[in-house]
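Just the one chain here, laid out as structure tokens, in the form predicted on its own.
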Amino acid sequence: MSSVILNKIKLSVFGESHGNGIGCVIDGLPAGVKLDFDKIYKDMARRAPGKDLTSTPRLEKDIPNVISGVLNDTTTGAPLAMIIENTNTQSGDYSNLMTVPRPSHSDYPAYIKYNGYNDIRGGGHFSGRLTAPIVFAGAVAKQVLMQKGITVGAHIKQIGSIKDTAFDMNNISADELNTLASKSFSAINAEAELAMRAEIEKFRLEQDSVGGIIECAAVGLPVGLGGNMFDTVESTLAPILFGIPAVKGVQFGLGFDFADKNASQVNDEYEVKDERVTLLSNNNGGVLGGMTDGAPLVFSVVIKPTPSISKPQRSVNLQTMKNETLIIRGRHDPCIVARAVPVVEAAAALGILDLMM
């Protein structure tokens, strides 16, 4: 199992959902970066559970304890290590999952791969709880990028059948992204937010869950960041985005919507404006030939519905090799999309910082 990612900035994530704690080590950060921990705590709070009925009632404060790499709130150049104590666990809720795996979860392949020794409680190292250290690392990366004039932000593009106003991909401002990053439920359209909350509540009452799409953007990037072949912007961001549990698809710009278009419809043409080369559209999401082209970087990720639901589901008993009906206990999100927004922002910030280094 590898929980280390990126090239110039190395991020290592450790811990299990119901173990003593979770955390990360960030290696390769520049020295002398003054960190605003209030901003870091705010991002951590956006991801943290237990705020309202749209998320799991498991309440974890997610207060990071930095144990190296920072002195007087300033990076020292040494590896930045952080740990978060797990304080609200109910491990008994997972006692039946070692032998009866949850559909659409990691339980069965992990049981086979690790010969039954994997920590099943709360999903162990496969749990979405492990995204808390990613958000911490991304919040640090955001502050390094901010000094370079780069801003990252995201919103909930869709939950179930309800859609938010999409980004104007060629006209995104840092102020717009910062406003979204200040919200616990990051929607552009207030009416869409109300409808999304109602959609989540409908599935919660049905003991079910619902998925959605997150749209993320970054502005202030220089032209030519990234490279061709295997050093592209997309290939740098995609692995860390797919490291987020429940992410099942990533697209840049129009992505799969290119399939039924003609080049004359979607080519991003150029013009000179204020003595600068600019694009007339941004259907490619700010990336051409694997490199940034000066337009906002825009991508979307699709989040599948939370697999752990209270409805009875068909499964198997791995000890008796008999079919069995599974009733999942515990505390689970009816929709993880809202809490995943700061995680996607964090992943984007880390990937971009790695490219910038």
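All residue numbers are counted from 1 along the displayed sequence. Here the structure is a predicted model, which is why all the values come from computation and not from measurement.
Keep in mind the form predicted together with another copy of the chain is missing from the figure; the text below concerns it.
J.: If contact means a heavy atom within 4.5 Å, which one of 169 to 177, 186 to 194, 136 to 144, 265 to 273 is the stretch that engages another copy of the chain in the predicted bound form?
T.: It is the stretch 265 to 273.
J.: Taking heavy atoms and a 4.5 Å cut-off, does residue 98 contact another copy of the chain in the predicted bound form?
T.: Residue 98 lies outside the contact set for another copy of the chain.
J.: Would residue 42 count as a contact of another copy of the chain in the predicted bound form, using a 4.5 angstroms cut-off between non-hydrogen atoms?
T.: Output for residue 42 is no: heavy atoms all beyond 4.5 Å of another copy of the chain.
J.: Does residue 287 reach another copy of the chain in the predicted bound form, with heavy atoms at most 4.5 Å apart?
T.: Because a heavy atom of residue 287 falls inside 4.5 Å of another copy of the chain in the predicted bound form, the answer is yes.
J.: Applying a 4.5 Å heavy atom distance criterion, does residue 113 contact another copy of the chain in the predicted bound form?
T.: So residue 113 counts as contacting another copy of the chain.
J.: Can you tell me which bits of 252 to 268 touch another copy of the chain in the predicted bound form, meaning any heavy atom within 4.5 Å?
T.: The stretch touches the partner through 252, 255, 256, 258, 259, 260, 261, 262, 263, 264, 266, 267, 268.
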